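In the form predicted alone, a lone chain appears below as structure tokens.
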């Protein structure tokens, strides 16, 4: 359990948590319909900052995204009274695309676009001295960042975590969701029988979390009791029809046992046909059909990397206000899972809620949150032990070595991966549809898993829910980003490609591996300003410390271009 001692929200509806919560309670929304915006031919509805709001947030030397994060985090640091220069404090940034709008300028250097560099720039400007960690787990990034903070704090790696989720919208992201036929032209209707798709949104939300026993004199607004990330192992962009990944995440945080104590479940509720259906099935399968459910996308839109944190902070405010917020846009239930939903606010005297979320790559995450207990809890540091290395593989554009032995391959560069696939794998034609990063991760992981089975043969190991996939890199999905942008930059000459868009999230490589091997444990992707094996080990050990994962496929996987790439993966066990 970790304590939340401060929070803040910036959205088109307000510049503080209080302003945003009061706007939600008053039934307001910043969703607006846009025609021909950014040159896009199709209309869409979104919650976007106005020109005046962007101008007010501007900071010289920072991009629009960076300024948004800075403006959101700065007020918290004084409020929380923490020493950000301490080596016991970490900055965690949740985002899906960060500075991606910089790609539109033309031949921008990779360092101006990738999230790790933005996080480093922000962290140094704010005074942090430890290396920042970017959580890039598609739509679940915000909740996944809270889970990461909880893991690191409970493991005793840090005492305090400043966690911020943020994303801004542009032609890149909106056209991508339009290419998937997921965007509604009008205001979205979560869980409604007439729902037609999602609305996108801009915003940032931040929280300061502390380990129990640290800064005990600082009053906590709530406690993060438990958190979990699990994978559907079903499809890269469509959720499981059985809601298995979401159900496993709810099970991992003991939501079923807490059912009678829960004020509400704040769902992802994107208002897309398949996501809302999946969530309803997962909630019912978890035995939570009697718990009220709400969704906030009809108010804020889908704020992507900010969503999980923003919606958690609003839910904390509602819990303090003894209120179950209604779901704006909902009228009649349009899902088959038995859940309780209303567009009206209700009163509650209960002290807990669950936040759940899902995203591309099969990711699902859930946390349970409670008002501070009157009981005195002991510090919950788990003191994880170093894991045992079982197998090790390294891939560069020049060759592949497995457990210290060089594999007999003749090709170089991107053709090396094709030759390795044909020579040692060969039974998964989807390989040829993958982007470079996913091809690199697929080949590396397959060879490593074959070594685990003790043979270089085709076939897959049995499905397992106790294996985590935890990957790191520096350049995110930059190659896939550039390829997708080439399909959308001139809409008169080309057309947005959904096949390219889905790979503009680096966690997709973990999703590919989860689907291939039916792994339903944690799948997480982190971006660092530079490779740091000590930090990587701390993250992995903290994730495995509670015993939910008996082993992990983990390591570094970076694909900045076809001529230069590197993967160094390990299989480790507790």
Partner chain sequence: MEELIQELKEHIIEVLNLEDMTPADIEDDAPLFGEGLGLDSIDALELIVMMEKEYGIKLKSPAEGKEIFKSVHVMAQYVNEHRTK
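Numbering follows the first chain given and starts at 1. Worth saying up front: this structure is predicted, and the values here are computed from it rather than measured.
In what follows, reference is made to the form predicted together with its partner chain, a form of this protein that is not presented.
- Interface residue among 394, 254, 235, 390 relative to its partner chain in the predicted complex, by the heavy atom within 4.5 Å criterion: 235.
- Scanning 341, 502, 478, 162 against its partner chain in the predicted complex with a 4.5 Å heavy atom cut-off leaves one residue, 502.
- At the 4.5 Å threshold, heavy atoms of residue 497 reach its partner chain in the predicted complex.
- In the predicted complex, none of the heavy atoms of residue 412 sits within 4.5 Å of a heavy atom of its partner chain.
- When contacts are judged by a 4.5 Å heavy atom cut-off, residue 105 does not count as touching its partner chain in the predicted complex.
- Within this chain, residue 368 is remote from the site of its partner chain in the predicted complex, having no heavy atom within 4.5 Å.
- This chain is displayed without its partner chain, yet in the predicted complex the stretch 426 to 434 from 153 to 161, 80 to 88, 426 to 434, 137 to 145 comes within 4.5 Å of it by heavy atoms.
- Using a 4.5 Å cut-off on any heavy atom, none of the residues of 51 to 90 reaches its partner chain in the predicted complex.
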